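For reference, the chain that follows is the form predicted on its own, supplied as structure tokens.
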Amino acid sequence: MNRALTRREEEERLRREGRLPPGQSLTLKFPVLHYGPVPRYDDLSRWTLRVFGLVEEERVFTYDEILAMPRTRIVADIHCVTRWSMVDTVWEGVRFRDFLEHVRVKPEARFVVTHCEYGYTTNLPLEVMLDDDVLLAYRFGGKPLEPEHGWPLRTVVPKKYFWKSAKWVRGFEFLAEDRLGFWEQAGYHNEADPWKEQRFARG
């Protein structure tokens, strides 16, 4: 019978397989990190998701409309700028690119700012948001998202440090020019590539 690997042995295996970025440590529990308190939603019939900026027509989606869109399941490794990583996490929701089937984005739009509760924002190029594994997620590990992890809706962008995967999403703004989000304005790296250790902007 093969013994179970220790966490350090598992980390070494993942590094050999090219799955653990430099400077990261493996965690088996999902840490809770966010800006501001956890919002409460007592009536999801009043929840909305606004799409605005460089679109042909501004739109407001209800939660039921999001749930009615085709559901996608992804398995992804995620990496936090605070140096923890989780592997083989399972998410379900709507691919961002499938969501955009319901939005007419203008050709000049090249960036997306995600707007969340309490004024939190984060920014990414539109081409990044169109990757196959970028979700508007409402389920994690086969269950509905827990409130502290972003319920009722969050983004999941596995190829970037996890602050780019925003909790409690309420809107998407499409722009021709980039505009820094909350942590990006505070000195975090705008590109946030875990494999390049792009944690903080260089002065």
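Just so we're clear, the structure is a prediction, and the values are computed from it rather than from any experiment. Residue indices: 1-based, along the sequence shown.
FYI, the form predicted in complex with a small molecule isn't displayed, but the following is about it.
Out of the listed residues F61, F162, F172, Y138, F162 is the one that sits within 4.5 Å of the small molecule in the predicted complex by at least one heavy atom. Just one of C80, V105, L126, A76 comes within 4.5 Å of the small molecule in the predicted complex, counting any heavy atom, and that one is C80. The small molecule in the predicted complex comes within 4.5 Å of a heavy atom belonging to P31.
With a 4.5 Å cutoff on heavy atoms, R50 does not count as touching the small molecule in the predicted complex; it lies far away. Using a 4.5 angstroms threshold between heavy atoms, Y120 counts as touching the small molecule in the predicted complex. Within 4.5 Å of some heavy atom of the small molecule in the predicted complex lies at least one heavy atom of C116. Of the candidate stretches 32-40, 61-69, 173-181, 130-138, only 32-40 has residues whose heavy atoms lie within 4.5 Å of the small molecule in the predicted complex.
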